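There is one chain below, alone, in structure tokens, taken in the form predicted alone.
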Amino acid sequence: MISLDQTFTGGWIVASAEAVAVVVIVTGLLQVGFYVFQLLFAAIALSTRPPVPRGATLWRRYSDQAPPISLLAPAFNEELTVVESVRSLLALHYPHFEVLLINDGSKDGTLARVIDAFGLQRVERYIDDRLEHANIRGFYANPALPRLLVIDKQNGGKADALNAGINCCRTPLFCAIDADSILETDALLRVVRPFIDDPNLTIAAGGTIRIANGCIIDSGRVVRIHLPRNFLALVQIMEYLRAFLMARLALGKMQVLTVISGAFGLFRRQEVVEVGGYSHGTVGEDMELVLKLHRHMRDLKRPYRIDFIAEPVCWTECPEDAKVLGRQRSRWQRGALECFAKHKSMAFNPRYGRIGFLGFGQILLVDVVGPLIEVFGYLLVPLLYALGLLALPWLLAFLAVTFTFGVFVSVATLILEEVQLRRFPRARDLAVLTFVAVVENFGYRQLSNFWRLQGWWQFVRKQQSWGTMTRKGFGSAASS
């Protein structure tokens, strides 16, 4: 594998070069093997629980058994999208639900826009006090819209706002969503299926997040699916497909799901209150809550299920600017590292079974060492080749495996999507996404790893800020 240059004859140099190459290649092969494993389980999950194509069928099958749900939507400076989001929530097809919009001390016109749009007035509401959160300044409702309640509170962050919503909700289940997102009308009926099928076991379930950029949106609904013209938004569509239709579907099937997206997740309130709700002082509060639930149920030796359903869809707006996207990705990386560090005692601990080995093994491989090893490989393997310490066939083999498999995973995920869900109506869209799956490996993938290294650096420095997230709003998405 290694060919010595005459200038470098020291045995330690050869040994070091071999060690570096072996670590990079073995880590890459482990990731490849794990992705193949996930693809297999994702296919099994879709085949064993085929999607119900029509919402009317779901209603006939589940409406009589569906438990009441409170939708918790934290909003901070969301004046561009908040009215459309609330309209979409009120239009959901579900027998018994209530929308709790939590204005987390917004500095823009979020609260005023909601009050004006829905004719709200100040009301009184009893709240539980088992979870800590910042002071609530008031409640707003309209008797003509009994399903909507707006909670106005002092700013405390997303976790704090969700804890306030949990204290205010009166239902056994709550659904945490982002106020800048749009749920499909039958999303609740689809995501509640595990709670109906296994009512005593299921404590949480997540649904799919998709990119709304480029889609035509009317009255809080995605009425036509279009791909965006912005390249960064197109790449994120592929990333979301891989993350949800491959990784989370497979991990849910294996019962080692470690994260339910904060944009769309359904939880049993009792267990969430038992673990203290969402944690403050972390930017990965959605992942941390799922890990706390795993730990809590395992410690009590109570059987449970945390599931993922591919069919229910929540549409969200993604960043189209590299600076904003970089802030988001470094924050996600920092959140994963914070969660791993906080619950590291669960890693490979027999007491926590498969979640300790497979779940934390996946976090370690993909989130903790993955970006470090990949960037290390990008820098050192060409350097070793330039110094004459690495043979050309090995360099080419490394690059071929890295890029070819990246394309394979993306295309296989698109095939899963087309075979089972078919959300992209035009063959042209699939062709464009296949092209994106190829070109994203040359430049974007390396840039993404740079952002993840920034997240590593922020984690080491114990940085806690969220960073500013600017949005265009769903109204402009429709016209793009």
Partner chain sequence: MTTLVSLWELSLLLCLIALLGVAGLLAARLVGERRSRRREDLRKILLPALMRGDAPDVRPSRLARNVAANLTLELAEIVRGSDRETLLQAATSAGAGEELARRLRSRVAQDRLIAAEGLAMFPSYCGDVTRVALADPVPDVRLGAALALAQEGRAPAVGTLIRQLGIGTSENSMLAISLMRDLVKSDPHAVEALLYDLDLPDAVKLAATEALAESGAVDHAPLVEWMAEAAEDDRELRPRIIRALGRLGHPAGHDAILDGLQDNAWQVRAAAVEAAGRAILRVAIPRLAELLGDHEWWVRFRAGEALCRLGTDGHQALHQVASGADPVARVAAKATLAERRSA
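Residue numbers count along the first chain shown, from 1. These numbers come from a predicted model, not from an experiment.
Only in words, not in the display: the form predicted together with its partner chain, which the text now covers.
Colleague: Can you pick the one in Pro303, Pro146, Pro199, Gly119 that has a heavy atom within 4.5 Å of its partner chain in the predicted bound form?
Modeller: None of the others qualify; the residue that does is Pro199.
Colleague: Name the residue from Trp394, Tyr240, Phe357, Trp332 that puts a heavy atom within 4.5 Å of its partner chain in the predicted bound form.
Modeller: By the 4.5 Å criterion, the partner-contacting residue is Trp394.
Colleague: Is Phe398 close enough to its partner chain in the predicted bound form to count, meaning some heavy atom within 4.5 Å?
Modeller: Taking the distances in the predicted bound form, the answer for Phe398 is yes, it comes within 4.5 Å of its partner chain.
Colleague: Spell out, yes or no, whether the shortest heavy atom distance between Asp128 and its partner chain in the predicted bound form is within 4.5 Å.
Modeller: It does: once its partner chain is placed as it appears in the predicted bound form, Asp128 has a heavy atom within 4.5 Å of it.
Colleague: Using the partner position in the predicted bound form, report whether Phe405 sits within 4.5 Å of its partner chain, counting heavy atoms only.
Modeller: Yes.
Colleague: Give a yes or no for Gln270: in the predicted bound form, does one of its heavy atoms lie within 4.5 Å of a heavy atom belonging to its partner chain?
Modeller: Yes, Gln270 lies within 4.5 Å of its partner chain in the predicted bound form.
Colleague: Of the listed stretches (253-261, 406-414, 316-324, 360-368), which one has a non-hydrogen atom within 4.5 Å of its partner chain in the predicted bound form?
Modeller: Flagged stretch: 406-414.
Colleague: At a 4.5 angstroms cut-off on non-hydrogen atoms, which residues of 428-460 are near its partner chain in the predicted bound form? List them in order.
Modeller: Stretch hits, in order: Leu430, Ala431, Thr434.
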